[in-house]
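Next comes just one chain, in structure tokens: the form predicted alone.
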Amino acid sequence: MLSADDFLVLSPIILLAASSVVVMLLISLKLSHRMIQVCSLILFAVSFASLFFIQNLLPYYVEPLLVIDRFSVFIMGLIIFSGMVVSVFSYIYFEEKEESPKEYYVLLFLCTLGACILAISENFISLFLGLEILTVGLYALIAYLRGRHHNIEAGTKYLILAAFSSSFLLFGMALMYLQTGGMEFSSIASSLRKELELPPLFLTGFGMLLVGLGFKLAVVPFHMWTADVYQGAPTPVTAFIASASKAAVLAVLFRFLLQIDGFRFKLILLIIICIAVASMLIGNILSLQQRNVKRILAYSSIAHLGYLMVAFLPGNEMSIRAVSFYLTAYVITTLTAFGIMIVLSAKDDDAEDIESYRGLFWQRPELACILTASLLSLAGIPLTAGFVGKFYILASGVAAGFWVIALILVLSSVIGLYYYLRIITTMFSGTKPSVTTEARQHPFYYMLSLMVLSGLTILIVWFGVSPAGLMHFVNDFGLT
């Protein structure tokens, strides 16, 4: 039976679930798009604020499904913050594209809810429940602009491939349950504690689990859907997939591996190393061939997930800190890059082609500078949050003796520098007016977007110049 403390510690989850119902009620009252969006933004802010009221209760277990500790609360904060930013960008994006995209916000709340459940899962049941809430909402969000054929195509591709990955995930869970007799991560860890080598049945189940979660993370070799879905989905939805969705799946996979002490098994370590190296190299190499900015960021995200998996390898407290810091930098930077794309998008066309950004500095210097800061952070250039996060990952890998992996990370980052600089040089070269920079003239939209983007850029530079505050904060993390 749930106690008062259970309700309090689960308040962010309860508020997100209630928010989707509240938005549905507001839609039934036939309120305008602006009113629905303002109410959604307030509800996101309330959910985010509730995280600060549960700090004294941590760590807290809601047996047998959930565990709420400082790490999971931090990931929930990133997810809800991403949802809040995407909500603002969605208003800017949809106001001129579709007359009444009100149901969109219901789906956005449900996806955020599913991602948060993933972040606090400590059981296969809650993991699958959270993943399905997230994924089912994303089906509809990706195909939301029904008038565009490539949106429907992207939604269908994601639906079919996600269904296959969920099948692998369920079968893998069943095999691990058959081997260990438990679905809680802690009970699985107990059954494996005396094992020197992984039993074949468990290893098969873990491989299938990795296929299911690897699809959601879009790491190599489960990455083939990424560029098409990123390009086909509405840009705010792409931003949500690249930030909140991946943060949630990464967090639950990380928790599972640490809980079962998976890194003491050489085979699991080898699998993670192979996925990390392949993702870093293939993600960056594929980006070199692209002229579409959405596809560049799609393949770039594959490389960044490879970097994050390098932070997994030590399997200790430093891994938790490196993952937390780099994930923060990645989420903020990705939201900024996609935010610029949203502002520059026209009513009937998104600002996807690199040529759309030619001469942007001479037309919109503030937007060009913000996009430059985000791309430099993604590239890991000093004085940005991305550089400090990448350094943190390198330090954790080197400290654990993974010198070769660290060298591959550095070399792949050098490859990535090329396509980021290609976008930057395009913005600063020539004086040709971009069609998309003149598309959104409404001053309210522009000022609202500029405020949000400026705030995100300040965070990118702040965490890059003075990372001590965030480092001190994540140093207290630990998995219970």
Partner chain sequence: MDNLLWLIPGFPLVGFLILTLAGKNMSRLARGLTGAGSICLSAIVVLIVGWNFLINPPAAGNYTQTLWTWFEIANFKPTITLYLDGLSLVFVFVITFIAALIHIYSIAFMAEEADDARFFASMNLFVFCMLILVLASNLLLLYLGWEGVGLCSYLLIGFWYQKSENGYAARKAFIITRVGDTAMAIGLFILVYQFGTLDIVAISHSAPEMWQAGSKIATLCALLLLAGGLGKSAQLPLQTWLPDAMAGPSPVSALIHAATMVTAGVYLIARMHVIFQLSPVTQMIIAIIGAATLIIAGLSAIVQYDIKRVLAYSTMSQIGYMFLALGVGAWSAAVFHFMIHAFFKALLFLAAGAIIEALHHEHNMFKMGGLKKSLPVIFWTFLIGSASLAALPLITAGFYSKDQILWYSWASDGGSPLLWFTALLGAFITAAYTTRMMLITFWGEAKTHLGMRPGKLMTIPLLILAVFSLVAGFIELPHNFGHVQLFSEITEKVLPGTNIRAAVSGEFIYQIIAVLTTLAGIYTAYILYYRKPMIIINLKHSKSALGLYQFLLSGWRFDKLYDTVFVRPIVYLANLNKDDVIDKFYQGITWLTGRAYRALSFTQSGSLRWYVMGLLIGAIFILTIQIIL
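In this text the structure is predicted, and so the values were computed from the model without any measurement. Residue numbers count along the first chain shown, from 1.
From this point on, the text means the form predicted together with its partner chain, which you will not see here.
Of the candidate stretches 79-87, 215-223, 309-317, 335-343, only 215-223 has residues whose heavy atoms lie within 4.5 Å of its partner chain in the predicted complex. Heavy atoms of Phe256 never reach within 4.5 Å of its partner chain in the predicted complex, leaving it off the interface. In the predicted complex, its partner chain sits beyond 4.5 Å of every heavy atom of Pro101. Shown alone here, Gly207 lies within 4.5 Å of its partner chain in the predicted complex, counting heavy atoms only. The shortest heavy atom separation between Ser165 and its partner chain in the predicted complex is within 4.5 Å.
When its partner chain is considered in the predicted complex, only one residue from Ala189, Val106, Ile273, Leu286 comes within 4.5 Å through any heavy atom, namely Leu286. Within 4.5 Å of its partner chain in the predicted complex, a heavy atom is found for every one of Ile160, Leu203 and Ile282.
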